[in-house]
Ligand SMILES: Cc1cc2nc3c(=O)[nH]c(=O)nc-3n(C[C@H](O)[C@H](O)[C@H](O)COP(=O)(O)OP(=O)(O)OC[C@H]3O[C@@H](n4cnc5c(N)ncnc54)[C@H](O)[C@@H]3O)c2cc1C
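Have a look below at one chain only, the form predicted on its own, in structure tokens format.
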Amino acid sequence: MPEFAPYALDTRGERMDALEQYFREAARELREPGAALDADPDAVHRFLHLPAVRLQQHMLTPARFARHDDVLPSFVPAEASCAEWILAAEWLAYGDPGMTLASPGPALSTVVLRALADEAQQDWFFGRTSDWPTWAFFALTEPEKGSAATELTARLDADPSGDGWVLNGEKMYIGNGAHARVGVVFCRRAPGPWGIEAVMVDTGDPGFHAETLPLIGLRGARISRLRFDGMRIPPERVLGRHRPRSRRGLQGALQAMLWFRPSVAAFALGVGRAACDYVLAQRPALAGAGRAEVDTMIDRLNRLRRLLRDVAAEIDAGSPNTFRVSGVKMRAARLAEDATLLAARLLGPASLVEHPWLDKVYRDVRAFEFMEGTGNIHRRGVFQGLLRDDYFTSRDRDVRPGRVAEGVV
């Protein structure tokens, strides 16, 4: 296991410094379990006692449902802000991204629940995900449609009995789908964007079918295919049923993607930093052009880190810039791949054979390109932001006029 090289902590207050220090220490526990998970994706059950495995459930659960025990220190927040969660995500991925995605908890569904659910619906969902260990899924992506929310084909039809709804359709590439107890499914009740609904499902109900897909990287995510065959959905499980149609399903999907795209960027950032540290741990005497390349990569990752935290702060402030969110996710996925490519080259032609950890992350980081939208989708988002002159902030233009392209190029 490589040593963790010291990185300068950002000066964002004592509480964030304490959190970062805790996440850094917790991440140390994940390397060896991550290797076990790569060999057996279900091996996560052997590591449920680790504090790092508890973090996702605790931080993504509303405070009133959070479990208070002695596993995590009291300063680790439940119902974390976006800035707090990306800090955790970065360090957990530095330890092992597969272990992070394999950990129990409400996952992406938490944002949809927090945005759309009434109190009774939150009780139903978080009451279940608070049981340890319980996994949940977020099902938006469909075969041949990807995650284009407005092109959904899964149907929500009125139950012939006149009481509730019936769900039919397929979902693809759903994390932990075949192992979850509950989930949120996006489906179409009527044509048009306002005909999209988000419903809560219990995987123990009749009509639910799931299978885990074979993967060569990030195997801990246990990506699954789901099928719903006449699954009955009671009226009270339609999220946002108390809201107008324009503020229900589609809005929940967009909010979830907005909140979690920085998370994927944080995962990629953590692995990219880990790859650089691994090279320096394996080649402490590295000098010349090779050392300069590593230093340049670390500098690029640190610039991305600042941009990522700015984006998260904008989301927490209620004024997210969707174009910058696209830019930071796209850039992070690219840098993580570049960092592993650089590590493989500097450690020699047989590096992926001689360094099993590097071989693993070399495969893992390819998944970040496809999570929460591919690079081409986000390039279009950045381009639209530049056309509308909405991408850069006044600080970009006034304080750093010579570096306005940071995060885009």
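Residues carry their position along the shown sequence, with the first being 1. Since the model is a prediction, treat every value here as computed from it, not as a measurement.
The discussion below concerns the form predicted in complex with the named molecule, not included here.
Legend entry - Residue among Ala52, Val361, Leu60, Ala367 with a heavy atom within 4.5 Å of the named molecule in the predicted bound form: For this set of options, the contacting one is Ala367.
Legend entry - Residue among Phe138, Tyr94, Trp259, Phe125 with a heavy atom within 4.5 Å of the named molecule in the predicted bound form: It is Phe138 that has a heavy atom within 4.5 Å of the partner.
Legend entry - Segment assignment from 239-247, 68-76, 171-179, 316-324: heavy atom within 4.5 Å of the named molecule in the predicted bound form: This holds for exactly one stretch, 171-179.
Inset, instruction - With heavy atoms only and a cut-off of 4.5 Å, decide whether Leu218 touches the named molecule in the predicted bound form. - result: Leu218 belongs to the contact set for the named molecule.
Legend entry - Interface membership of Ile377, the named molecule in the predicted bound form, 4.5 Å heavy atom rule: Yes, Ile377 is a contact residue.
Legend entry - Glu372: touches the named molecule in the predicted bound form, heavy atom cutoff 4.5 angstroms: Answer yes; at least one heavy atom of Glu372 falls within 4.5 Å of the named molecule in the predicted bound form.
Legend entry - Touches the named molecule in the predicted bound form: Thr212 (any heavy atom, 4.5 Å): It does not: once the named molecule is placed as it appears in the predicted bound form, Thr212 has no heavy atom within 4.5 Å of it.
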